[in-house]
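One chain comes next, on its own, written out as structure tokens in the form predicted on its own.
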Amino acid sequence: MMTLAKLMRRSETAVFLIVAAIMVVIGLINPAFWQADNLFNLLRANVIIGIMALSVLVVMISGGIDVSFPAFAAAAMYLTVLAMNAYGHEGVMLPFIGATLIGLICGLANAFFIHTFRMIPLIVTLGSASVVRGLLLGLVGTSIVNIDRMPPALIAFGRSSLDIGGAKLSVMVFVYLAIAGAVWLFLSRTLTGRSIFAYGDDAESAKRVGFNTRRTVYVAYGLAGALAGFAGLLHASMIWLANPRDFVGYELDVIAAVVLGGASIFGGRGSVLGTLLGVFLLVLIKNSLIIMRVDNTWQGVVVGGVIVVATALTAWRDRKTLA
């Protein structure tokens, strides 16, 4: 049983206390913050960045880094929407499977270069992001699919909500939580999931104890790509348009959220709960800056500062653990 002292030392506890403190302060400044509509909108804002953060979490636990997921999400979203319009498909199940597969293939391509040629993950994902984004814009097109041309079934799915006390809570929040639960089960209850932690902690040791490191790398990056592809199409359904230039700059926010949640930049450490809390904290910070009418440029400064501080604290914690 976890003691109070151990609980207080966990990253998740620190993030939770910070979130609670910020919410109390904002609530005191502006009591309207506690209205159900505002809280539900805050949860809705977590969905896309949260799913992407889960994809980055898996890669970061494996000891790598992935900055290609925004490009994969944009490609999966745009290609799937164009295909739905071209073939007149009226459902959403097949399109989401298709978008997920597009992301999966892109992620496996990353894994191939990283494992086969022992390349640095940051360099590979930077390159693949540039290639995918360039091919999408150069060969497929740059025009935005607006609400008038969006598939009606996709819009209807994105509009799905539950009426709770007169306020509407998007069903996408439950989709997000379901994906988070599935990722948690995979990482904590399967041998392959545990191999990702072992590989990130020490790849050579993981290989010596019998883990298939090749499969581990392919699973980590394949899953990351699949989640990015799914998130891309879900994003289109929630905002009712598909823009091939979308998700530019998402790398900063998503990586910040994962690091805030306690994941180690050196691999081998991270949790789904911490990532969810990190995402919520980041969205809360950005929402607070908007309420205070802080310019977008300065919002980037704040998020960048958060990454530096959180990374420094993570590095200090890891060194202290090894000492």
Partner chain sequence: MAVPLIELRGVTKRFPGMKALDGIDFAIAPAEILCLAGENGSGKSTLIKIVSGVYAFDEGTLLIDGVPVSGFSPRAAIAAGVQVIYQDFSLFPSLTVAENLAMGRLLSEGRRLVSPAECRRLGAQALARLDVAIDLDARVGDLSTADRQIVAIARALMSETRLLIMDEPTTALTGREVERLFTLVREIRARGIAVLFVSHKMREMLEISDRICVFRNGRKVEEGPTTDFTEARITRAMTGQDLGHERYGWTGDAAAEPRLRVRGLSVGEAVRDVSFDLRAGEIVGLSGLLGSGRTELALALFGMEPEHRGTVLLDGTPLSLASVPEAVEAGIAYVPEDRLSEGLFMSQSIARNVVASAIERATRGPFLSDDAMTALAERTVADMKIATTDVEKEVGKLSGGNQQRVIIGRWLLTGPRVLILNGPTVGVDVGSKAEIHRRIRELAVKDGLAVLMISDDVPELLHNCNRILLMHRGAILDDLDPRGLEEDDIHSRLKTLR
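Residue numbers count along the first chain shown, from 1. Since the model is a prediction, treat every value here as computed from it, not as a measurement.
From this point on, the text means the form predicted in complex with its partner chain, which you will not see here.
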| query | finding |
| --- | --- |
| Partner-proximal stretch of 48 to 56, 23 to 31, 64 to 72, 261 to 269 relative to its partner chain in the predicted complex, 4.5 angstroms, heavy atom | 261 to 269 |
| Contact flag, residue 194 vs its partner chain in the predicted complex, heavy atom cut 4.5 Å | yes |
| Contact test in the predicted complex: residue 209 vs its partner chain, heavy atoms, 4.5 Å | yes |
| Partner proximity in the predicted complex: residue 190 to its partner chain, non-hydrogen atom cutoff 4.5 Å | yes |
| Touches its partner chain in the predicted complex: residue 198 (any heavy atom, 4.5 Å) | yes |
| Complete contact of 243, 245 and 251 with its partner chain in the predicted complex (any heavy atom, 4.5 Å) | no |
| Answer option from 146, 205, 143, 116, heavy atom within 4.5 Å of its partner chain in the predicted complex | 205 |
| Sole residue of 215, 159, 168, 89 within 4.5 Å of its partner chain in the predicted complex, by heavy atom | 215 |
